[in-house]
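To begin, one chain is listed below as structure tokens, in the form predicted alone.
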């Protein structure tokens, strides 16, 4: 499965962008497109085609509450799984105790628009490995959505559905400021490089086979600690998380270049097509009214390298 995912993800990402462009056109829509109502059988068939070909299902945005959304409103609370350890994406502010970051802004916007009352939204911290189990749980302990830098790739598409993509990401490399590395190859060739176990970064490093040694950790922040202690020469991770780590620790920097372009989206159960449509509407509105750009400028842009700060590089339609 690893080789299949690494080999096909660029095509999957391209298909995703094409699908999103078809839904969004040149900008962000407001409301469902006419003639896009699906039967349950059509939705199931589309999901199977998605699994077989590793292609996303383009679900047009809709402000209409379908059965899944009505069920969530009936229970009185929307539970959204988020991160609490990724600085500037989903992290708990030690001074206030509040969760904050780019993904938190999006999660709050989804909660507000869907439920109409922020008090009816619960942001529930979920570990990386628990994201899919939290979505598919049937014992009442799970979540309705995951907004947690979750990559839209073949492995994940087998298990969950995704919204339209809301952020372009790439694999970037962090090094100490003292490193003389000028690009990705400089930073990893013949070096000890850290990556989270099972992550795309680990798969890229494993496929390249130029690192002297790959150190695997359970939590991405452990890589930053190991680099601070001088135990590894570099860290590979998603560029949005890398930007957060460089903001968290001013002694590290991102090098030029990237690997493995991808996209991230909001994840949910595959049998909730109407919820996907409702979330797509919120994402479209979030972009159209500049909420997306304002959040990007606050949490991400200041910590990206020069030449990589243009927000149009990160909005998938562009």
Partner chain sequence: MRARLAQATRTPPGRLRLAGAALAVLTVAFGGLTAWQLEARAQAADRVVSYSQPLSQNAADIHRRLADAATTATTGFLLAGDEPKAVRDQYEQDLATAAELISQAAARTTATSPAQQKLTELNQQLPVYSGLVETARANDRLGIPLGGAYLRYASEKMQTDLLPAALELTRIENEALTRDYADAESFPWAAYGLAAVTLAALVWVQVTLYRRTNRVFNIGLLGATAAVLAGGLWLGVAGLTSGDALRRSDREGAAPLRALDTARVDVLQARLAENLHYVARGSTGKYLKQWDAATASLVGQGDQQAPMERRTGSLPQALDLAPGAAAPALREAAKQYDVWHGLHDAARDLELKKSDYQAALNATVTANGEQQTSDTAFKATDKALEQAAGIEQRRFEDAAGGTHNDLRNAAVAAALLGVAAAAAALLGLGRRLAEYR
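Positions refer to the first chain, counted from 1. This is a predicted model, so every value here is computed, not measured.
This next part talks about the form predicted together with the partner chain, which is not shown.
K.L.:
Should the three residues 67, 136 and 157 be counted as contacting the partner chain in the predicted complex, with contact defined as a heavy atom within 4.5 Å for each?
P.N.:
Spot residues vs the partner chain: no contact at all.
K.L.:
Could you tell me if residue 224 has a non-hydrogen atom within 4.5 Å of the partner chain in the predicted complex?
P.N.:
Judged by the heavy-atom cut-off of 4.5 Å, residue 224 is in contact with the partner chain in the predicted complex.
K.L.:
Can you tell me if residue 92 lies within 4.5 angstroms of the partner chain in the predicted complex, counting non-hydrogen atoms only?
P.N.:
Yes, residue 92 is a contact residue.
K.L.:
So in the predicted complex, does residue 192 come within 4.5 Å of the partner chain, heavy atom to heavy atom?
P.N.:
Result no; residue 192 lies far from the partner chain in the predicted complex.
K.L.:
Hey, in the predicted complex, is residue 218 touching the partner chain, heavy atoms inside 4.5 Å?
P.N.:
Result yes; residue 218 sits at the interface with the partner chain in the predicted complex.
K.L.:
Of 210, 197, 84, 179, which one comes within 4.5 Å of the partner chain in the predicted complex, counting heavy atoms only?
P.N.:
Looking at 210, 197, 84, 179 one by one, just 84 meets the 4.5 Å heavy-atom criterion.
K.L.:
Looking at 71, 132, 115, 127, which is the one with a non-hydrogen atom within 4.5 Å of the partner chain in the predicted complex?
P.N.:
Among 71, 132, 115, 127, a heavy atom within 4.5 Å of the partner chain in the predicted complex occurs only for 127.
K.L.:
Pick the stretch from 202 to 210, 227 to 235, 183 to 191, 103 to 111 whose residues have a heavy atom within 4.5 Å of the partner chain in the predicted complex.
P.N.:
Contact criterion met by 227 to 235 only.
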